[in-house]
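Have a look below at one chain only, the form predicted alone, in structure tokens format.
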């Protein structure tokens, strides 16, 4: 497999993107392909920079055997060159990255890798932000990201 660098992006980098990063790392390690990959996450905003993931994110990860350890940071323009793939959680994150100058060719909606959503329109591919809801929203996000990370990993074997 060729060297790949992946940046998972959401609004604040404490819910969806750190969970996506952790699930992908967990799957890549289990598949024996983590070496040589650069995997990180970042948020559009700066509000949570320096913070651990939301406790509910950490909890849902642990419930599924996934350790969520990343520290929140804000997306930097340098990330657009550093990372081959900018994996956004929703269409708003995509619009924000484009407005910041990210190349459209490097941006993909995370759920576009979910094999169960092949042929879905872009407006069906958002990962909902669970921040203002209860624990069930985090469980839903886990399931959505788990399926998408599995598809992403499979797609990388062909890259």
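Fair warning: this is a prediction, and the values are worked out from it, not measured in the lab. Numbering follows the first chain given and starts at 1.
From this point on, the text means the form predicted together with 4-nitrophenyl phosphate, which you will not see here.
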(message) Only one of 24-32, 61-69, 122-130, 98-106 has heavy atoms within 4.5 Å of 4-nitrophenyl phosphate in the model of the complex; I'd like to know which.
(response) 122-130
(message) Taking any heavy atom pair closer than or equal to 4.5 Å as contact, tell me whether residue 11 reaches 4-nitrophenyl phosphate in the model of the complex.
(response) yes
(message) Although the partner isn't part of this model, could you tell me whether residue 48 comes within 4.5 Å of 4-nitrophenyl phosphate in the model of the complex, counting any heavy atom of the residue?
(response) yes
